[in-house]
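We begin with a single chain expressed as structure tokens, specifically the form predicted alone.
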């Protein structure tokens, strides 16, 4: 079972590095980029459960490097070729679940997303994702590009359940369980 206690500490008690990498603004931007990529290919909302895959896939360097370069790659065939990378995804989903929730709440409070029974869609006040930050690193830029790719890639898949199953994540009524 993943230890998620450190993500439940108040922000002033968290290590600075953790606050920099897992803050709701940055993680929310990544989820928003995925949502925008997903929305470009159709009117349907992003399935809620898939939002919990964004951070474990985009932030993990080995997974990011293994991801396909084209969004029309079949998830099932990619998953078959990258079982070693996917073997740790369920644990990362569980560990990052509190961070994903904080990011989703942050975006929801801003009005950047709307969550309903059908999934997650762009809210009344979407984030402006076109501006390039004045200070950034190559890795952070790559993480941002990966988040957008994930949205387009998820949109090309016919079933969200198949994506979750291939990653080892199991959908529950009130969240994700592995």
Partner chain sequence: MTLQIRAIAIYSKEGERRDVRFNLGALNVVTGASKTGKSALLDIVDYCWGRTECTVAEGEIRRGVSWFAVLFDNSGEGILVARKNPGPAVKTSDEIYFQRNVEDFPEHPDVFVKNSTADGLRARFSAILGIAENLYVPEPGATRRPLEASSGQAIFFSFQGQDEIANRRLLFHRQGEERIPQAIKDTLPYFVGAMGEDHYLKQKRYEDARRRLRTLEREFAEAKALADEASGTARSLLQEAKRVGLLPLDATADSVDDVRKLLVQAEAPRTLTYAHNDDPAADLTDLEERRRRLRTELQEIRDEIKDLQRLTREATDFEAEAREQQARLASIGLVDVGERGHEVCPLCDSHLPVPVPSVNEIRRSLAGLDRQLSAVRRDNPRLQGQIAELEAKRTTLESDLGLVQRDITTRIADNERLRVEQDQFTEQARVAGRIGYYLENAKAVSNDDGLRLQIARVRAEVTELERALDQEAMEERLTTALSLVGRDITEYAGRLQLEHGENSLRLDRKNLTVVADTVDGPLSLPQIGSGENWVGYHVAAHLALHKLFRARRRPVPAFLMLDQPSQAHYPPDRDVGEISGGEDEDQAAVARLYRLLLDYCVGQSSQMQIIVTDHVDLLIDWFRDATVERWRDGIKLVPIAWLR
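Since the structure is predicted, the reported quantities are computational estimates derived from the model, not experimental observations. Numbering follows the first chain given and starts at 1.
Quick note: we don't show the form predicted in complex with its partner chain, though the next part is all about it.
A residue is said to contact a partner when one of its heavy atoms sits within 4.5 Å of a partner heavy atom; residue 76 fails this definition for its partner chain in the predicted complex, lying far away. Although the partner is absent from this view, residue 131 contacts its partner chain in the predicted complex, with a non-hydrogen atom inside 4.5 angstroms. Contact annotation: residue 144 falls within 4.5 Å of its partner chain in the predicted complex, judged by heavy atom distances.
In the predicted complex, its partner chain lies within 4.5 Å of some heavy atom of residue 59. Within 4.5 Å of its partner chain in the predicted complex, a heavy atom is found for none of 67, 91 and 121. Contacts with its partner chain in the predicted complex, taken as any heavy atom within 4.5 Å, map within 84 to 113 to 102, 105, 106, 108, 109, 110.
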